[in-house]
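Two separate entries follow, structure 1 and structure 2, each one form of the same protein chain as structure tokens.
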Structure 1
């Protein structure tokens, strides 16, 4: 990359001549998607920002209220709760799916009997739509359902509670199905990464007397750098856009205890019909996502540069 930059800056004339010869087809390939995006993505996004400065019920014309919505957000306990839950979600859902997926990939990387079956079994949840997943897990959590039966079987009756209806457990009860699904996906990414490592590296490390842990720490993990970047972006994006599983299991309830920013935005907009306020929440989510992704990109570039 650095090389390209230096050449172009040294020979500006050559670059100009080259751009003059840009084929119209190429221009079309850039401009047409850009035009489509402008209408369907950029314009609504800008509009959303404008709506966040208004009060609007979706029917009468919006009235401009300045930063009122943001001031209200600052003092909104439900919003703070949703923000905290979103962070918990990022850490738990993100962290555990990386650990779980990596662990599964390590266990299942060696070709042996039935390994294909196990891999397929772990990947199956990814195939189901999240709403179906929610249905299955609801049966699992329902009163006298499978979860309760299991606890009773091992003598832990005292732990039984209405899992999705108890504010103490609702959020975690929702994270579990989300993880169940995500781990298989992450596992596949890591499996691909593991397959790409040259076996000779491991062989050499073994000859040098490295034990299994040392080989994992100093050979496998550094070699997975490329995959890590993919996994990390997938996890961050999936965490911030998590909505469907929460909505279909608890709708953010009971009384906002499993509310994420995304569910709060949705219910504010389409249940309470406060579209201006909901737009302000959407802007906050956008800024958060941008901060996380920019933060990551800056770090990645810096690493590459050094």
Structure 2
């Protein structure tokens, strides 16, 4: 009896000593990535905010101008147009990516014949760089290209137009190739979430008489809360930093009709050499992303608490 008591009393002590010996390693695993992030992310972000308060061309020393850049932004028609286009891009690109990715994940979550091939086919565009994607779709949109040929084949010649050169269609024509690439990525994220749901939950709901729509609404979607937060973060960040595909196809034209905040920031910084003004645009992009993501997280935490 005595030996048993002494053994059980020593074991927790040994565990505490072992965890104490591991604690410096755990601290290192936290501090090293934090130090790297501080150098490569946090410090440049702080510098970007400082530069937004200056007038700087990238060569001469920056001159502090306070909030003049932000005041100029408020009266900049091109900036307002780019902001509206960015909101449209966020809603359409983000919303359709989520709907398409979630729909494809629901269709392809069950193992059946050729399902692996379909998953790979939908994910393949993600492997391509955005510039390559833009080049592929430029061929699709060119006069007498695939888009025009398809419209003629179904008797819709009246809809044919210069897709990338028409201010009415340029923005939406650029959104399509971005969606083509993004839906497969979102599908994979939702597939991972769907695979983690306990099948017993669906079986219990089925036994209670729930139909497919009720199981989707009351079982599947609530179980994907964690994945939804990841998808939202990815969609918002990808939407606000979308640049490559827009610049490769239209460079924000024609007449700024497909201009986004990201492309306007780039042209302002590296073509007009107004890096202080471009930094102010970058701060606006950061605030937009932060507002959307924090708004969702606050709402999610409130629902969870209630």
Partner chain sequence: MSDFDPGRRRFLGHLGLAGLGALGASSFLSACASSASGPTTSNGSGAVTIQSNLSSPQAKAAMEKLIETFNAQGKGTASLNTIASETFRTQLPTYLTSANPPDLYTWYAGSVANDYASKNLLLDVSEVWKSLDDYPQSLRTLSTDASGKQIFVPMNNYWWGFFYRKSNFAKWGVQEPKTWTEFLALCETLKSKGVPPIGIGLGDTPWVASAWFDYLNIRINGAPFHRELLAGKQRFDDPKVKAVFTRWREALPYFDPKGKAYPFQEATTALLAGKTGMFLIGTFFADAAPKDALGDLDFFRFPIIDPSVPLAEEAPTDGFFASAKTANPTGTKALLSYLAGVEAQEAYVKASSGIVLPANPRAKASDSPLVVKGKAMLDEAKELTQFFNRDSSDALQPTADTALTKFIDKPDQIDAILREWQAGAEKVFKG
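Predicted model only: the values in this text are computed from it and were never measured. Positions refer to the first chain, counted from 1. C-alpha atoms forming the largest set that superposes within 1.5 Å between two forms make up the rigid core.
Enquirer: Just one question: which structure is the form predicted on its own?
Expert: Only structure 2 fits here, because that chain is the form predicted on its own.
Enquirer: Do residue 235 and residue 97 belong to one and the same rigid part between structures 1 and 2?
Expert: Both residues go with the same rigid part.
Enquirer: Would you kindly give the rotation angle of the smaller rigid part between structures 1 and 2, in degrees?
Expert: Rotation of the smaller rigid body relative to the larger: 9 degrees.
Enquirer: If I align on the rigid core, how far apart are the two C-alpha positions of residue 53 between structures 1 and 2? Answer in Å.
Expert: Once the two forms are fitted on their core, the shift reads 3.9 Å.
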